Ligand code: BDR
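Only one chain comes next, encoded as C-alpha coordinates, the form predicted on its own.
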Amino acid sequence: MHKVIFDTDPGVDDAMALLFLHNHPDIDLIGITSVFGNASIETTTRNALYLKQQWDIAAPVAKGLGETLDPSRAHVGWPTFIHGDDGLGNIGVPETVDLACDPRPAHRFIIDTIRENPGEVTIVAVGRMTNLALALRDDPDIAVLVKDVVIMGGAFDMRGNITPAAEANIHGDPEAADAVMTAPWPVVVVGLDVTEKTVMTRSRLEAIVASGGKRAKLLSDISQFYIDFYEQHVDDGMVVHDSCACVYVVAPELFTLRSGAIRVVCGGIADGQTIQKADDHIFPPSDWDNLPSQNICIDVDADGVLELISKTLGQSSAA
(Lines give C-alpha, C1' and ligand atoms only; values in the text may rest on other atoms or scores of the structure.)
Protein backbone atom coordinates (compact mmCIF):
# COMPACT_ATOMS: atom_id res chain seq x y z
CA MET A 1 0.00 0.00 0.00
CA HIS A 2 1.39 3.40 -1.01
CA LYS A 3 0.82 6.28 1.41
CA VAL A 4 0.41 9.35 -0.80
CA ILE A 5 0.31 13.10 -0.24
CA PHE A 6 -1.16 14.69 -3.36
CA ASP A 7 0.19 18.19 -3.97
CA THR A 8 -2.15 19.71 -6.53
CA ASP A 9 -3.68 22.82 -8.13
CA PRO A 10 -7.13 21.62 -9.29
CA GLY A 11 -7.38 22.00 -12.33
CA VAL A 12 -9.18 19.63 -14.66
CA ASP A 13 -6.48 17.00 -15.14
CA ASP A 14 -5.75 17.29 -11.41
CA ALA A 15 -9.35 16.20 -10.76
CA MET A 16 -8.86 13.05 -12.83
CA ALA A 17 -5.62 12.32 -11.00
CA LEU A 18 -7.31 12.81 -7.63
CA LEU A 19 -10.11 10.39 -8.47
CA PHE A 20 -7.51 7.86 -9.66
CA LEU A 21 -5.67 8.09 -6.33
CA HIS A 22 -8.93 7.85 -4.39
CA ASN A 23 -10.12 4.79 -6.31
CA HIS A 24 -6.95 2.75 -6.70
CA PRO A 25 -6.83 -0.13 -4.19
CA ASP A 26 -3.08 0.15 -3.67
CA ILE A 27 -3.17 3.86 -2.76
CA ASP A 28 -3.76 5.20 0.74
CA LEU A 29 -4.41 8.90 0.12
CA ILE A 30 -3.35 10.49 3.42
CA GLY A 31 -3.33 14.16 2.46
CA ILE A 32 -4.14 16.73 -0.22
CA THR A 33 -2.10 19.93 -0.30
CA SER A 34 -3.17 22.81 -2.50
CA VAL A 35 -0.88 25.04 -4.51
CA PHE A 36 -1.61 27.92 -6.85
CA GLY A 37 -1.13 27.47 -10.59
CA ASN A 38 -4.19 26.51 -12.62
CA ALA A 39 -6.00 29.15 -10.53
CA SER A 40 -5.39 31.25 -7.42
CA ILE A 41 -4.67 29.48 -4.15
CA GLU A 42 -8.15 30.39 -2.91
CA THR A 43 -9.73 28.77 -5.97
CA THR A 44 -7.55 25.64 -6.06
CA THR A 45 -8.12 25.08 -2.33
CA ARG A 46 -11.87 25.53 -2.76
CA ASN A 47 -11.76 23.06 -5.66
CA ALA A 48 -9.85 20.49 -3.61
CA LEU A 49 -12.45 20.77 -0.85
CA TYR A 50 -15.28 20.53 -3.39
CA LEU A 51 -13.88 17.32 -4.92
CA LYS A 52 -13.22 15.90 -1.45
CA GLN A 53 -16.86 16.53 -0.62
CA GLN A 54 -18.33 15.26 -3.89
CA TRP A 55 -16.24 12.10 -3.98
CA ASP A 56 -16.33 11.39 -0.23
CA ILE A 57 -12.56 11.52 0.18
CA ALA A 58 -11.36 11.13 3.76
CA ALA A 59 -7.94 12.75 3.32
CA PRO A 60 -7.53 16.23 4.83
CA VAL A 61 -6.88 19.27 2.63
CA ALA A 62 -4.13 21.69 3.66
CA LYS A 63 -3.89 25.09 1.98
CA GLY A 64 -0.61 26.23 0.50
CA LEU A 65 0.75 29.75 0.17
CA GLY A 66 -0.29 31.90 -2.77
CA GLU A 67 3.08 33.12 -4.01
CA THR A 68 6.30 31.74 -5.46
CA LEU A 69 9.35 30.79 -3.42
CA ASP A 70 10.88 34.07 -4.61
CA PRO A 71 7.99 36.50 -3.97
CA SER A 72 9.52 39.09 -6.29
CA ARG A 73 8.61 36.98 -9.31
CA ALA A 74 5.90 38.58 -11.42
CA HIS A 75 2.55 36.78 -11.68
CA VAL A 76 1.78 35.59 -15.22
CA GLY A 77 -2.01 35.16 -14.94
CA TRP A 78 -4.29 32.13 -14.55
CA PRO A 79 -4.85 29.75 -17.52
CA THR A 80 -8.63 30.24 -17.61
CA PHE A 81 -8.68 29.36 -21.31
CA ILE A 82 -7.58 25.81 -20.38
CA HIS A 83 -9.26 25.12 -17.03
CA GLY A 84 -12.11 27.66 -17.02
CA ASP A 85 -12.78 30.59 -14.72
CA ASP A 86 -13.52 28.27 -11.78
CA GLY A 87 -10.56 25.96 -12.45
CA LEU A 88 -12.87 22.99 -12.99
CA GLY A 89 -14.15 23.53 -16.50
CA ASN A 90 -16.82 26.13 -15.63
CA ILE A 91 -19.18 23.54 -14.15
CA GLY A 92 -20.50 26.02 -11.59
CA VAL A 93 -18.53 25.14 -8.46
CA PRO A 94 -20.08 26.93 -5.45
CA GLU A 95 -18.12 29.92 -4.19
CA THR A 96 -17.72 28.31 -0.78
CA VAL A 97 -17.63 24.69 0.36
CA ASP A 98 -18.80 23.74 3.83
CA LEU A 99 -15.63 21.86 4.77
CA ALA A 100 -12.66 23.05 6.80
CA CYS A 101 -9.02 22.81 5.82
CA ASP A 102 -6.40 21.29 8.05
CA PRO A 103 -5.21 24.13 10.34
CA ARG A 104 -1.61 23.77 9.21
CA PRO A 105 -0.20 25.40 6.06
CA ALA A 106 0.52 22.85 3.34
CA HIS A 107 4.28 22.77 3.78
CA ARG A 108 3.91 22.18 7.53
CA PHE A 109 1.36 19.43 6.89
CA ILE A 110 3.90 17.79 4.55
CA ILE A 111 6.66 17.98 7.16
CA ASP A 112 4.53 16.62 9.98
CA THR A 113 3.08 13.78 7.90
CA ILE A 114 6.51 12.67 6.69
CA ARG A 115 7.88 12.70 10.24
CA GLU A 116 4.89 10.70 11.48
CA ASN A 117 5.45 8.10 8.71
CA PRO A 118 9.23 7.91 8.16
CA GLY A 119 10.21 6.06 4.99
CA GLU A 120 6.58 5.47 3.98
CA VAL A 121 5.28 8.62 2.26
CA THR A 122 5.23 9.19 -1.49
CA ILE A 123 4.61 12.79 -2.53
CA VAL A 124 2.87 13.14 -5.88
CA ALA A 125 3.25 16.77 -6.95
CA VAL A 126 1.40 17.90 -10.08
CA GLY A 127 1.56 21.69 -9.81
CA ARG A 128 4.22 24.20 -8.91
CA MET A 129 6.83 22.89 -6.50
CA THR A 130 6.36 25.72 -4.00
CA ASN A 131 4.99 23.67 -1.10
CA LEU A 132 7.73 21.07 -1.41
CA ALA A 133 10.47 23.69 -1.54
CA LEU A 134 9.04 25.46 1.52
CA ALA A 135 8.95 22.16 3.39
CA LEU A 136 12.61 21.56 2.54
CA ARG A 137 13.52 25.10 3.58
CA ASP A 138 11.81 24.70 6.98
CA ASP A 139 13.01 21.14 7.65
CA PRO A 140 15.75 19.93 5.28
CA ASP A 141 16.07 16.63 7.11
CA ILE A 142 12.72 15.38 5.80
CA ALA A 143 14.40 14.59 2.47
CA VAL A 144 15.93 11.40 3.87
CA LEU A 145 12.60 10.36 5.40
CA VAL A 146 10.55 10.43 2.17
CA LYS A 147 9.95 7.23 0.22
CA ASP A 148 9.53 8.87 -3.20
CA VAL A 149 8.73 12.19 -4.86
CA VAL A 150 6.89 11.83 -8.17
CA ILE A 151 6.55 15.06 -10.13
CA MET A 152 4.45 15.95 -13.13
CA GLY A 153 6.42 18.66 -14.84
CA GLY A 154 9.32 19.51 -17.06
CA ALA A 155 10.31 18.83 -20.64
CA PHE A 156 13.70 17.30 -21.33
CA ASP A 157 14.09 16.00 -24.88
CA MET A 158 11.36 18.18 -26.37
CA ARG A 159 10.03 21.76 -26.33
CA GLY A 160 7.99 23.21 -23.50
CA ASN A 161 4.29 24.04 -23.45
CA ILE A 162 4.28 27.55 -21.98
CA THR A 163 7.46 28.76 -23.68
CA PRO A 164 9.65 26.97 -26.24
CA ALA A 165 11.95 26.05 -23.35
CA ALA A 166 9.69 25.41 -20.35
CA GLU A 167 6.75 23.36 -19.09
CA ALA A 168 4.09 25.28 -17.17
CA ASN A 169 4.43 23.73 -13.67
CA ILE A 170 8.17 24.31 -13.58
CA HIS A 171 7.98 27.72 -15.25
CA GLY A 172 5.51 28.84 -12.56
CA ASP A 173 8.16 28.62 -9.81
CA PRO A 174 11.60 27.69 -11.19
CA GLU A 175 13.47 28.39 -7.96
CA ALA A 176 11.20 25.98 -6.09
CA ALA A 177 11.59 23.34 -8.79
CA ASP A 178 15.38 23.60 -8.72
CA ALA A 179 15.38 23.19 -4.94
CA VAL A 180 13.22 20.08 -5.23
CA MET A 181 15.24 18.50 -8.06
CA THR A 182 18.57 18.98 -6.25
CA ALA A 183 17.44 17.79 -2.80
CA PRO A 184 18.66 14.41 -1.49
CA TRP A 185 15.33 12.62 -1.86
CA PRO A 186 14.46 10.18 -4.68
CA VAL A 187 12.70 12.07 -7.47
CA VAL A 188 10.97 10.73 -10.59
CA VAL A 189 9.92 13.39 -13.09
CA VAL A 190 7.00 12.50 -15.34
CA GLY A 191 7.24 15.26 -17.93
CA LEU A 192 5.89 16.25 -21.30
CA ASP A 193 8.21 13.69 -22.92
CA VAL A 194 5.69 11.02 -21.90
CA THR A 195 2.50 12.79 -20.86
CA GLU A 196 1.85 14.20 -24.31
CA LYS A 197 1.74 10.63 -25.62
CA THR A 198 -1.17 9.72 -23.32
CA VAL A 199 -4.42 11.01 -24.80
CA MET A 200 -7.77 10.16 -23.21
CA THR A 201 -10.28 10.02 -26.10
CA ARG A 202 -13.90 11.08 -25.82
CA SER A 203 -15.05 7.51 -26.36
CA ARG A 204 -12.80 6.19 -23.59
CA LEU A 205 -14.12 8.84 -21.21
CA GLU A 206 -17.70 7.94 -22.15
CA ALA A 207 -16.97 4.29 -21.37
CA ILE A 208 -15.59 5.32 -17.96
CA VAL A 209 -18.80 7.22 -17.24
CA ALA A 210 -20.91 4.22 -18.29
CA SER A 211 -19.21 2.01 -15.70
CA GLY A 212 -18.18 4.56 -13.11
CA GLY A 213 -21.46 6.17 -12.06
CA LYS A 214 -21.95 9.61 -10.51
CA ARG A 215 -18.33 10.26 -9.63
CA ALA A 216 -17.15 9.53 -13.15
CA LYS A 217 -20.00 11.65 -14.55
CA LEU A 218 -18.81 14.64 -12.54
CA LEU A 219 -15.28 14.05 -13.81
CA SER A 220 -16.57 13.95 -17.39
CA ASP A 221 -18.50 17.19 -16.88
CA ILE A 222 -15.39 18.86 -15.50
CA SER A 223 -13.32 17.60 -18.44
CA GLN A 224 -15.40 18.90 -21.36
CA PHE A 225 -13.97 22.44 -21.30
CA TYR A 226 -10.45 20.97 -21.24
CA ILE A 227 -11.25 18.66 -24.14
CA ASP A 228 -12.47 21.64 -26.16
CA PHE A 229 -9.13 23.36 -25.54
CA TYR A 230 -7.20 20.29 -26.65
CA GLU A 231 -8.99 20.18 -30.01
CA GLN A 232 -6.20 22.41 -31.33
CA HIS A 233 -3.51 19.99 -30.11
CA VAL A 234 -4.79 16.39 -30.48
CA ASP A 235 -7.17 14.66 -32.84
CA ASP A 236 -9.64 13.57 -30.18
CA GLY A 237 -9.80 13.94 -26.41
CA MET A 238 -7.33 15.36 -23.89
CA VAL A 239 -3.82 14.80 -22.62
CA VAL A 240 -3.87 13.36 -19.08
CA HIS A 241 -0.67 14.90 -17.69
CA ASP A 242 -1.28 14.57 -13.95
CA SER A 243 -2.78 11.09 -14.01
CA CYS A 244 0.44 9.80 -15.58
CA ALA A 245 2.35 10.71 -12.43
CA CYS A 246 -0.21 8.85 -10.33
CA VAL A 247 0.02 5.79 -12.56
CA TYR A 248 3.79 5.74 -12.10
CA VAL A 249 3.32 5.17 -8.36
CA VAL A 250 1.46 1.89 -8.88
CA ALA A 251 2.81 0.77 -12.29
CA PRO A 252 6.38 2.06 -12.81
CA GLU A 253 7.00 -0.75 -15.28
CA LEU A 254 4.95 1.19 -17.84
CA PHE A 255 7.66 3.89 -18.01
CA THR A 256 11.24 4.02 -19.28
CA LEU A 257 13.62 6.01 -17.09
CA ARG A 258 16.90 7.85 -17.48
CA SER A 259 18.99 8.85 -14.48
CA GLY A 260 21.10 11.91 -13.87
CA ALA A 261 21.33 15.18 -11.98
CA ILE A 262 18.70 17.80 -12.87
CA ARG A 263 18.90 21.58 -12.80
CA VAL A 264 16.22 24.16 -13.56
CA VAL A 265 17.05 27.39 -15.34
CA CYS A 266 16.03 30.38 -13.20
CA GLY A 267 15.81 33.56 -15.27
CA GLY A 268 16.40 34.63 -18.85
CA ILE A 269 14.68 33.46 -22.01
CA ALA A 270 14.95 29.78 -20.93
CA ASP A 271 13.36 30.46 -17.53
CA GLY A 272 11.95 27.21 -16.16
CA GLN A 273 13.80 24.87 -18.53
CA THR A 274 14.62 21.46 -17.02
CA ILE A 275 18.01 20.04 -17.98
CA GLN A 276 19.38 16.65 -16.99
CA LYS A 277 23.03 15.65 -17.04
CA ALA A 278 22.57 11.97 -17.87
CA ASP A 279 24.69 9.59 -15.81
CA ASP A 280 26.01 7.85 -18.91
CA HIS A 281 27.55 11.07 -20.33
CA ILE A 282 30.81 12.66 -19.22
CA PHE A 283 31.15 16.45 -19.18
CA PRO A 284 33.71 18.93 -17.84
CA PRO A 285 33.01 20.36 -14.36
CA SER A 286 29.59 22.02 -14.21
CA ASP A 287 26.72 23.10 -11.97
CA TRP A 288 25.32 19.55 -12.16
CA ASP A 289 28.26 18.06 -10.27
CA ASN A 290 27.89 16.52 -6.80
CA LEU A 291 24.09 16.56 -6.96
CA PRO A 292 21.75 13.60 -6.51
CA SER A 293 21.01 11.50 -9.56
CA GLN A 294 17.26 11.70 -10.23
CA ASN A 295 15.10 9.82 -12.72
CA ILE A 296 13.12 11.25 -15.61
CA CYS A 297 10.62 9.40 -17.79
CA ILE A 298 11.71 9.30 -21.42
CA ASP A 299 9.18 6.81 -22.81
CA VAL A 300 5.85 5.29 -21.85
CA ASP A 301 3.48 2.45 -22.67
CA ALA A 302 0.66 4.92 -23.33
CA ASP A 303 -1.95 2.25 -24.00
CA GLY A 304 -1.10 0.53 -20.73
CA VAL A 305 -1.35 3.80 -18.81
CA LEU A 306 -4.71 4.69 -20.36
CA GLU A 307 -6.06 1.21 -19.71
CA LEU A 308 -5.10 1.39 -16.04
CA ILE A 309 -6.61 4.87 -15.69
CA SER A 310 -9.83 3.70 -17.34
CA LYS A 311 -10.09 0.60 -15.15
CA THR A 312 -9.46 2.58 -11.97
CA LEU A 313 -11.80 5.46 -12.75
CA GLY A 314 -14.48 3.01 -13.81
CA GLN A 315 -14.66 1.74 -10.22
CA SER A 316 -16.31 4.96 -9.04
CA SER A 317 -19.82 3.54 -8.70
CA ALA A 318 -18.59 0.86 -6.30
CA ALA A 319 -17.37 3.43 -3.79
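Each residue number is its position in the shown sequence, starting from 1. Worth saying up front: this structure is predicted, and the values here are computed from it rather than measured.
The same protein has a further form, the form predicted in complex with ligand BDR, not shown here; the description that follows concerns it.
- Listed residues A168, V150, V209, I142 were compared with ligand BDR in the predicted complex; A168 is the one with a heavy atom within 4.5 Å.
- This chain lacks the partner; the member of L219, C244, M200, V126 within 4.5 angstroms of ligand BDR in the predicted complex by a non-hydrogen atom is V126.
- Judged against ligand BDR in the predicted complex with a 4.5 angstroms heavy atom cut-off, the residues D13, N38 and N161 are in contact without exception.
- Exactly one of the stretches 99-107, 69-77, 234-242, 179-187 approaches ligand BDR in the predicted complex with heavy atoms within 4.5 Å, and it is 234-242.
- Contact check for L192: a non-hydrogen atom falls within 4.5 Å of ligand BDR in the predicted complex.
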